[in-house]
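Shown next as C-alpha cells: one chain only, the form predicted alone.
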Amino acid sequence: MSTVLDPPSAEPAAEPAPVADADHPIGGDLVKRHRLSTRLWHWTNAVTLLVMLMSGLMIFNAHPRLYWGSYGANPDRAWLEVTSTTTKGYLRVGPVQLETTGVMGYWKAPDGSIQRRAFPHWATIPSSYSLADARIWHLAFAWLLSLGLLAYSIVSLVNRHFQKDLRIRAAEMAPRNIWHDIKEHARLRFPTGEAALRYNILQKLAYASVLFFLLPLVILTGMTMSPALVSGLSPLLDLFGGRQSARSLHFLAAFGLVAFFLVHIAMVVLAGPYNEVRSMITGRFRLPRERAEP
C-alpha cells in the first residue's frame, strides 16, 4: 500500500499532514485509496446510469405495466402498473394500490396541463414524450455501460482489485461478523485508521451484488428485450422465462441499482463527503483518526 504525502501548499495550515509510514499508515495520514481505473469507471457509470434510468422511465411510459411470462397487453393482468382515473393517479403492485396523484400517473406539466403518463417530465429523458428519442438515448448509453463493465472487469482482474479488495472470505460471512458490522453501521461507528482502507463485509456484499448480479442482469435482460439481438441469443428468452419476464426483471434490477445509489450517497454523507468525494476524484483519502478508548 502506498502512502502519499501532500505538498505543503495543498493542505490547510490548521491541519498539517503527519509524517506517514507507508507500510502502516495511521489516522490522519493521506493515502492513495482508489486506482485510476476505479475512479474513471465510477464517474462514467454515474452519468451512464442516470441517463439510462431517465430514458428508461420514458420508455416505460409507453406501456406502464409489467407482466410475467412471454406475453403481456392491456387486457392481461399486470403485476405492476401505473394508471389513473379522471382525477387521480395510482401505483398498483399486485393487490396493493397506492395513490400517487401529482407524482406518478396524474401530474401537472410546466404549461399547466394535466398529464396522465406514469413518470413526470422531470424524471425522464427527453422531458417531453418521445419513445423513439428515449430508445436512442437508452441504447447509446447501454453500449457505454456494457463496454465499461467489460473493461473495468478486465483491468480489475489484471491489477487484482477483485482478489485483493472484494474477495469475500469464509470468516467474514460468519453471522457474528455480519451482525457486528450491522451494529457498527447503525451506531455510525465507521472504521478508523488503516482499517478504513479495507472493505467490510457489508461493503463487499453490496459491491459484489452490483458488479456480479445487478449490472449483468440489467444488461442481459435488456438484450433479451431487443428483437434484433435475441434472434441470435434465443437461450436468453428461456433463461428469463420470456420477454415480459425479462422486462420485469430489467425494471427490478434498475431499481435495485437506484436503491444501491441512495444507500451509497447516504454513507458518503455520513462518513464525510469532502474526504470521500476527494478520494474518488484524486485517489487520495485521509484516514479517519482513531477513536480514543473509553
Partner chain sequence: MFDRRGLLRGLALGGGGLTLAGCDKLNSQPQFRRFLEGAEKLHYGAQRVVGGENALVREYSRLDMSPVFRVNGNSMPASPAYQALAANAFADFRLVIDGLVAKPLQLSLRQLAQAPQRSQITMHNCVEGWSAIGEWKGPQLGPLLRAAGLSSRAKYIVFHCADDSGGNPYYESIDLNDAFHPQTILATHMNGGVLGIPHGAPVRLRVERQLGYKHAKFVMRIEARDRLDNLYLGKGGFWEDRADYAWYAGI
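Residue numbers count along the first chain shown, from 1. Computed from a predicted structure; not experimentally measured.
The same protein also exists as the form predicted together with its partner chain; that form is not shown, yet it is the one meant from here on.
Look at 100-108, 118-126, 199-207, 82-90: in the predicted bound form, residues with non-hydrogen atoms within 4.5 angstroms of its partner chain sit in 118-126. Put simply, of 233, 26, 40, 266 only one has a heavy atom within 4.5 Å of its partner chain in the predicted bound form, and it is 233.
This chain is displayed alone, yet in the predicted bound form one of 151, 73, 168, 114 has a heavy atom within 4.5 Å of its partner chain; that residue is 73. For a residue to qualify, one of its non-hydrogen atoms must sit within 4.5 Å of its partner chain in the predicted bound form; all three of 47, 137 and 228 qualify. Although the partner is absent here, residue 212 is not a contact residue: none of its heavy atoms lies within 4.5 angstroms of its partner chain in the predicted bound form. Interface membership of residue 184, defined by any non-hydrogen atom within 4.5 Å of its partner chain in the predicted bound form, is ruled out. For residue 259, no non-hydrogen atom is located within 4.5 Å of its partner chain in the predicted bound form, even though that partner is not displayed. In the predicted bound form, residue 132 approaches its partner chain with a heavy atom inside 4.5 Å. Residues are counted as partner-facing when one of their heavy atoms sits within 4.5 Å of its partner chain in the predicted bound form; in 29-64 these are 47, 50, 51, 54, 59, 62, 63, in sequence order.
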